[in-house]
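Below, in structure tokens: the form predicted alone, a single chain.
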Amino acid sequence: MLIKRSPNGIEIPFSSEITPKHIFESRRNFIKQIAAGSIASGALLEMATRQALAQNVRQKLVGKPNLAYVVMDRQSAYKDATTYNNFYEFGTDKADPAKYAGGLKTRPWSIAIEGEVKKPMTLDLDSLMKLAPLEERIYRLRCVEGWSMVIPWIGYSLSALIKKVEPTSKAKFIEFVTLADPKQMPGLRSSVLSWPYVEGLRMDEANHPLALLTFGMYGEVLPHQNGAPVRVVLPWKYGFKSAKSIVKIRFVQEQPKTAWNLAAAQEYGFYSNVNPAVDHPRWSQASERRIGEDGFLTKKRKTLMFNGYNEVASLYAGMDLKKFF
């Protein structure tokens, strides 16, 4: 796998240091107005500056460490985790999300919960975050292209939300629908996927304690490029199953038609469990490279079944995981 870097050797900055074009231009116009004398009030200056900078501030978010969900691998560096991402709504290059997601508006934000539930509802972000105590869990994340990271995530088990809305007996699957706003997401101009991005799980998968409804990482709110303001993290599955920037959760009877499965069913199965015995049609899944740790000449790591999370194995007892990949 080729890791692309800036041709001039300059490191991509933290998300807090990336200024979207529209914010940069608004600052420049604001300065011109000051020079022309159109804005004289120091209070107005302070307010405008706050508005211009609001989306670039890294905000703290505390979760109580849950030692039952801590892998002992060395954590990936924050810089690596926030500058090497898959988030196709902002572009297909790994550096694109960090470059172009800075202007994503994450407040106000709400999630509609609908379908086969007794209590359909729409929750704003604050209400959603208060639904259960926030925890910090250190999970491995394995991507289908053959790279992996170890990240301290902040959230709570998705099962807490599921319990709140009381699914009916008809609910067999849960579907995640993500934001698709062409004004904020330049990647939507691409036809590489059908938009909006949709992912899904079986109900027993969604109720597993490992399935994390996620609001933060590294002690802070999620950076825009990592799926702000809310995503799921499913550490035993390949990374593309962990839907980002979720706006709707639907409880349905039929298996959802998910984005990557629609785009290339022969390459991206619905389950997408990490399975070293099932190769991608164009590369092996038997090994992986840890981003930020392994150089090109360093021996790759052996990929673990279910990414090492063997506690989920009972969910798939009796299934042919080469057929249901």
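When you see a residue number, it is the position in the sequence shown, counting from 1. Bear in mind the structure is a predicted one, so any value in this text is a computation, not a measurement.
There is another form of this protein, the form predicted in complex with a small molecule, and it is not shown here; the text below is about that form.
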Partner contact for residue 143 in the predicted complex: the small molecule, 4.5 angstroms, heavy atom: yes
Is there any non-hydrogen atom of residue 89 lying within 4.5 Å of the small molecule in the predicted complex? yes
I'd like to know whether residue 155 contacts the small molecule in the predicted complex, with contact meaning heavy atoms within 4.5 angstroms. no
Is it the case that residue 243, even though its partner is missing from this view, gets within 4.5 Å of the small molecule in the predicted complex, heavy atoms only? yes
Where does the small molecule sit in the predicted complex: which of 130-138, 234-242, 106-114, 156-164, heavy atoms within 4.5 Å? 234-242
Only hit among 251, 100, 197, 215 for heavy atom within 4.5 Å of the small molecule in the predicted complex is 197
